[in-house]
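Heads up, the chain below is alone and in the form predicted on its own; it's given as C-alpha cells.
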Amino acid sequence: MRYQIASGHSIDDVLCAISRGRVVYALEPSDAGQYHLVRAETWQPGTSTLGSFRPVEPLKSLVFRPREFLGQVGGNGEQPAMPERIMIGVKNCDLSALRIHDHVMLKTEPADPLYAEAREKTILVSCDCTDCLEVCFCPVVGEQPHAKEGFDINVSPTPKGYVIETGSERGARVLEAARDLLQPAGDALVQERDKSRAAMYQRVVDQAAAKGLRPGMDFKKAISKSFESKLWEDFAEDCVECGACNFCCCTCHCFLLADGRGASGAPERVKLWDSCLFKNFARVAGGANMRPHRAERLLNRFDKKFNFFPDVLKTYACDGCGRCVEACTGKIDIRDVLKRAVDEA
C-alpha cells in the first residue's frame, strides 16, 4: 500500500509514531557534510533525519556487529534477548547488501543465530536518495538510488510531499501506529515520486560516466580475464593493508573467531570482522599462506565481488556506495580499478 501524509501532520509525526517503544537508529548530519548512524531512544525531530544519501557507517554494523561476544569457552553462550530496533533512513545500497549477508549467514549451513536474531529484531525503514556523493556509482553495478525490495517501509520524498509504502507484512503492522496520520497516496504524487527517482538515477549515471563507467558493463568478464594482468601489482603499490575498504564496505562479511580472557579473567570467545587484505587472512595450519603477496589479496577482493557472487547469486557483491573510495588511505578508487579491468578485457 502507498500512503501520503494527511493534512495537518508531518513526516516527523509519522516517524515518531512508528518508532515509539522501540530502540531507534537514525541518521544525523555532521559538520563534514556526511551523515552518521546514531542510536536514540526515539525519533528526534530537528536532529534525526532521513538523509539525502547513505551514512558513513554501513547498515551491516547493526546486524553483523564488528565485535560480538559468543560466550565463555566451555560455559554458557546464551545472550540476553535483543530489543526490537527500528532503523530509519536506510539507503538502497545498504539494503540490497543484506542479500549477500543473508546468503552467507542464514542460507548457508550452519546459520548464524546472532545474525538471525538481529535481522528478525530490526525493522527497516528505507528512504530514496535525494542527493548523492561524488563517489556514488550504484547504477553501474545494476542498482539504483531507491529501494525496490527488502524494506519494511519505504519513504520517498518529493517536492510535493512524501510517498510512504509498505514492503512487508511487518511493515504494514508497524505503520498501523500512524494510520490516523495517513491517507492513500494519489496518482499525481506517485507520478511525482517516479519523476524524482528517474532524475536522481540519471544524475548518478552521468556522474559515473565522468569516470568512464556506465550501466551494463560486464565486470564479471573483465575481472575473470584480469588474473594475469599487471593492474593488481600497480594498484597494490598504494595499498597499506589497513582493511578500511573491507570494514566500511556494505557487503563484506568475513570474520574470525578469537579466544582470550575477558574482564573477569575467564576464557571467552568473540567474533570479529576480518579483512581479506590482511597478510595473514589466507594463512592456514602449518603456516602456509595461499596469498602471500598484496597484489594477490587485492585481486581476491575483486574476484569475490565481481566473479564469485555473480556465479552464486547472480549479483555483484558491490552496491556502488563508494565508501571504500572515501576510506582508502592509499587513495585507491574502485572505479579506476574496474575501468582499467574493462579496458584491458
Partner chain sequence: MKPDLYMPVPARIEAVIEETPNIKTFSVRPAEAMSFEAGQFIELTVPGVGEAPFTPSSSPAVKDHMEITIMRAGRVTDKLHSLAPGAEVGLRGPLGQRYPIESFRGREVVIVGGGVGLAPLRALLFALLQEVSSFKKIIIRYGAKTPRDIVFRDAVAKKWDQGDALDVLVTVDRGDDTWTGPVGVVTAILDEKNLRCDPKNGVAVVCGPPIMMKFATVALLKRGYPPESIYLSMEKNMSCGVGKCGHCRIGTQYACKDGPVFTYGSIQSVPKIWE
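Residue numbers count along the first chain shown, from 1. Given the structure is predicted, the values throughout are model-derived calculations rather than measurements.
There is another form of this protein, the form predicted in complex with its partner chain, and it is not shown here; the text below is about that form.
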Heavy atom contact within 4.5 Å of its partner chain in the predicted bound form, the stretch among 55-63, 31-39, 314-322, 299-307: 299-307
Decide if the three candidate residues V104, P113 and G260 all line its partner chain in the predicted bound form, where lining means a heavy atom within 4.5 Å. yes
Check G286 for me: does it contact its partner chain in the predicted bound form (non-hydrogen atoms, 4.5 angstroms)? yes
Contact between T47 and its partner chain in the predicted bound form at 4.5 Å, heavy atoms? no
Answer for G71 alone: is it within 4.5 Å of its partner chain in the predicted bound form, judged on heavy atom distances? yes
Taking 4.5 angstroms as the cut-off for heavy atoms, does Q202 touch its partner chain in the predicted bound form? no
Heavy atom within 4.5 Å of its partner chain in the predicted bound form - residue from K271, K225, K160, R197: K271
